[in-house]
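Let us start with two forms of the same protein chain, each given on its own as structure tokens and named structure 1 and structure 2.
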Structure 1
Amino acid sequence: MLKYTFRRILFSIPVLFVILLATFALGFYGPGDPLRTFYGEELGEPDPAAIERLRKLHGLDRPFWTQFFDYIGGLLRGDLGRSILDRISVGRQVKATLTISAQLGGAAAVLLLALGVPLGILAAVKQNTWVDYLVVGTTIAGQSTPVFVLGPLLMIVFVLWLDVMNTPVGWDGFWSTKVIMPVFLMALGPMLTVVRQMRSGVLETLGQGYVRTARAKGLAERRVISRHIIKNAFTPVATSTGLIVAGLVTGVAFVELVFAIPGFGFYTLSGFQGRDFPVIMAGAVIGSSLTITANLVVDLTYAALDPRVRLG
């Protein structure tokens, strides 16, 4: 197992390097100039000589490989650089914004499992009935509807109809009522995946011999499900939970944008809009690292559950 773990970690290093190289190349050779964008908007058409002086000041006039390996060297020292637009440490901003997104992502993951697992079990037990169709259909509709449509609808329900909150946007801490709608929207996206995995797992387990034996012994259906079915059916969901949580933390840009939450997704999106290379690279570093780590956890979980995987 240790050899397999080391091999998977070693394989992740070149993957992360290629992702960073591709992202850096797109920022370097792609259209747009952060200096011209920022100073052009603030001061009108900028002086070309002033732009060149600023480019030299920020080190943007150096060759591609020099800038790239300089960035990698800083990254190995834990330095994500400084924002080109506001000269604030990117690492400090990432720490502050990622904390917010992690809280939202963690709460959404708990809500996702608390709702998705029971709904998947219910859909399997009531297979091909109106309950099954309602559960699957509702989750499909929730995943298919864009955030910028569901967001205003939830605002109408929680603010105008239920009167739970007065101002549904902004960030007043994790225990504020403003967290309700963003967390619900974040959990609704991957809900279909959990429901379908749990439903498929339960349906597959229902046909196993030990389940028929338990029923033949006279065990109540509730005990058969809780003791013999859920544990085995939950394995696919458990192994994919890491990927889901990583996606919740890094993929909340639109939710944070709709609700004006100063999280990591909103910060990265602002960096893309301003062509702020250090912020864009920080988004690539954090996002790819979380995804690679989640994949590693999933692979190790499969290897622990099925020793044959380690032989591949």
Structure 2
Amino acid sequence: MLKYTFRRILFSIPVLFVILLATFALGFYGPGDPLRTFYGEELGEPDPAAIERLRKLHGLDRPFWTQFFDYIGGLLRGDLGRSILDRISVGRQVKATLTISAQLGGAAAVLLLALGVPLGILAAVKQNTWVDYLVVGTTIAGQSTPVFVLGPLLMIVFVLWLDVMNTPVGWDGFWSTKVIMPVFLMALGPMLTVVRQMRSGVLETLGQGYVRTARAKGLAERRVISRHIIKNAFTPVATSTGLIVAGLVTGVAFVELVFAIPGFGFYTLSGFQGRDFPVIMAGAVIGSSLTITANLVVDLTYAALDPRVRLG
């Protein structure tokens, strides 16, 4: 087990390295000279000598590989470079914004499990009744409606038409009512995955011999479900954690943009919109590392969840 863990962790390092390399190369060859992007557009043709001096100053005259390994070195020390647009340290901004996003993401994950798992069980137990159709249909509808549609629509309904709340825009810390709508919207995206997996997991276990045994020995149905079914049916949900984390990462970005929350997603997206490459790079690196880590954790805990699985 220890050997397997070690090997898996070692194996994800080259994957991460390749992602870094690809992202860096895209940024290096794609958008063009960052100095020209910054100084060239509005101010007319800049003085070539000045540009040359700035290029030396920022180390942009060095070859690709030197710059790349310089970036990797900085990354290992926790230095993500500086934003092109405002010259503020990306690392510091990431630290400030990531705490907000982590709170939102954590709350959404809790809500996702607290709502998705019971709904999945309910849909499975009431299979092919209107309850089942309603649960599955609603989650499909939820997944079909992107955050940037549902967010504004909910605001129109609750603020403009019903007038039951103030505009939930901005960030006043986690313990404020403004957090409710963003967290709900974030949880809605990956909800379909959780409900579906839980539902099919429960249906699968319902047909197992030990469930029949549990019923035959006279256990109440409630107890059969809580003691014998849930634990085994949960495995498929846990397996799709990678998918769920990817959904939350994407979700947090859109939610923060729609509700003007100064979190990590908002920061990254503004980087995308301003073609600010150090910021984009940080977003890509952290976003991919999060999903890679999630997948790694799932693979490692798989044996604990399902003893039939042997890691080797």
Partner chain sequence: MSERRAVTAIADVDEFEAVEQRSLWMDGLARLARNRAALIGACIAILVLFTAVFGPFLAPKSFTATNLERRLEPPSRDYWMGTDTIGRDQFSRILHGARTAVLVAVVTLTISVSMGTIFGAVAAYYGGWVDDLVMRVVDTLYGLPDLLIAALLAVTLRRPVAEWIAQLQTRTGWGFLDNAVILDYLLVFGALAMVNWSGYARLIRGQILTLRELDFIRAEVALGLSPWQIIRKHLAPNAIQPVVVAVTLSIGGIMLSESSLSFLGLGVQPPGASWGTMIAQNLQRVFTEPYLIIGPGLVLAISVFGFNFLGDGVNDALNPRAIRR
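The structure displayed is predicted, hence computed values, not measured ones. We call the rigid core whatever largest set of C-alpha positions still superposes within 1.5 Å between the two forms. Structure 1's sequence is the ruler for residue numbers, which start at 1.
K.L.:
Can you tell me whether structure 1 or structure 2 is the form predicted together with its partner chain?
P.N.:
Number 2 is right.
K.L.:
Core superposed first: is there a CA shift of 2 Å or greater at residue 239 between structures 1 and 2?
P.N.:
Residue 239: C-alpha displaced by 2 Å or more between structures 1 and 2.
K.L.:
Superposing on the rigid core, I want to see if residue 261 changes position between structures 1 and 2 - specifically a Cα shift of 2 Å or more.
P.N.:
Shift of 2 Å or more: no.
K.L.:
Quick one: CA shift at residue 62 between structures 1 and 2, core fit, Å?
P.N.:
After core superposition, the C-alpha of residue 62 moves 2.7 Å between structures 1 and 2.
K.L.:
Aligning on the rigid core, what is the distance the CA of residue 53 moves between structures 1 and 2, in angstrom?
P.N.:
After core superposition, the C-alpha of residue 53 moves 4.2 Å between structures 1 and 2.
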